[in-house]
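Next up: a single chain in C-alpha cells, the form predicted alone.
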C-alpha cells in the first residue's frame, strides 16, 4: 500500500492511500486533536476525482471538530472517505482500509457514515482497534443513526418552540430531503407527533414505505425545496443550501441531519436576512457522534449516559441562537465562533499545564 502525506494548512494531518491489490483509494483528514483523538465516520462515494473527494473530507473533518467541541465529547475532528462505487465493496478493500486507519496511529478513530455499515466496519476492525459504532454484541454502541435522528428530532422541536412559541408538532408541516436511515427515522418520529411530513428521496421505495406505514406525503425534489412549510429538513448530502436553492425556500426553519448543509459561509447570512432560523448542522445532528463517543469513556458504553448527553442538543442550539442574536451574526457564524472558543480555551489550559 502506498501512503502519502498531503500538506493542507489548518489540518494536523491529511493522508492518501492507494492499494492496487484491493483497489483501495482513500483519504483520511485529521483536522484538530486539541480536545482529544479525532473521531469521525468513514464514507464511500463514487467521487468524480480525488480533488472532489479531498474537498469533501476536509469539509467533513472540520465539521467534526466543531461538532465534537460544541457537543463536549472530549474528542477532536477527523473523517475518512473511500473513493469508489459502494456496489463494488469487498473484504479485501476494507482490510486494506483497516491498515490505512491503523497507520495514522490512533489520531483518527473511525465510525459509520454514508454507504458504510457495521458489517464493513467489522472487517476494518480486524486490522485496527480504532473503530467505534460496531454491534452491541461486540460490546460497542451499534448503529448511530437512531441517535442522530433522536437528536435532530429534539433540536427541531426546540426550533419550532423558538419560532412559534410552542414545541407542539401537531399540524406543523415538515419537508424532508433524504430518507436514508436518519431521514426515515426522523420522518417516523415527526409523523407520530402529528406533523404533516412531506419527503423526497432518490430511492423512491423508501418514501413509498413511509407513505404506506406512516402517512408521509411523497413529493419531487423541486417541491420539497420550495414548498410552503414550517420546517425544511435536509437529511441527504451537503451543499443543498446555496445561491440557487435559498431563494426558493418558503419555510421558517431549516433543521436537518445532513452535514455541511451550507455550500458557503455567506449562505448562513442569506438565511438570516430572509428571516429563516437555521439550526447549524453539526450542532443539531451531533446525536450519533455523542452516542459513539460514550464508548470511549473509562467505564465503556452506557446508553442512558448517551441519551442524557443527546438531550443537551436543544440547550446547545439555544446557546448558538442567543449568541447569534447578541452579536448580530448568522447562526452558522455563531456556531463556528462558539466551537472555536471551546477549542482555544482548551489550548490555553494545555499551555498553562
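Only the largest set of C-alpha atoms that superpose within 1.5 Å between the two forms is called the rigid core. Just so it is clear, the model here is predicted, and its values are computed rather than measured. Residue numbers count along the first chain shown, from 1.
The discussion below concerns the form predicted together with a small molecule, not included here.
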* To do: Verify the contact flag for residue 31: yes if a non-hydrogen atom of it lies within 4.5 Å of a non-hydrogen atom of the small molecule in the model of the complex, no if not.
  => no
* Check whether residue 181 has any heavy atom within 4.5 Å of a heavy atom of the small molecule in the model of the complex, and answer yes or no. => yes
* Consider residue 285 of the chain shown here, and say whether it contacts the small molecule in the model of the complex, taking contact as heavy atoms within 4.5 Å. => yes
* To do: Find out whether any non-hydrogen atom of residue 221 is located within 4.5 angstroms of the small molecule in the model of the complex, and reply yes or no.
  => yes
* Counting only heavy atoms and a 4.5 Å cut-off, does the small molecule in the model of the complex sit next to every one of 150, 187 and 306? -> no
* Asked: Between the options 175, 82, 279, 257, which residue brings a heavy atom to within 4.5 Å of the small molecule in the model of the complex?
  -> 257
* What is the one choice in 206, 125, 89, 162 with a heavy atom within 4.5 Å of the small molecule in the model of the complex? -> 206
* Asked: Which one, 236 to 244, 165 to 173, 268 to 276, 102 to 110, holds residues whose non-hydrogen atoms are within 4.5 Å of the small molecule in the model of the complex?
  -> 236 to 244
* **residue 59 C-alpha moves between this form and the one not shown by 2 Å or more, core aligned** => yes
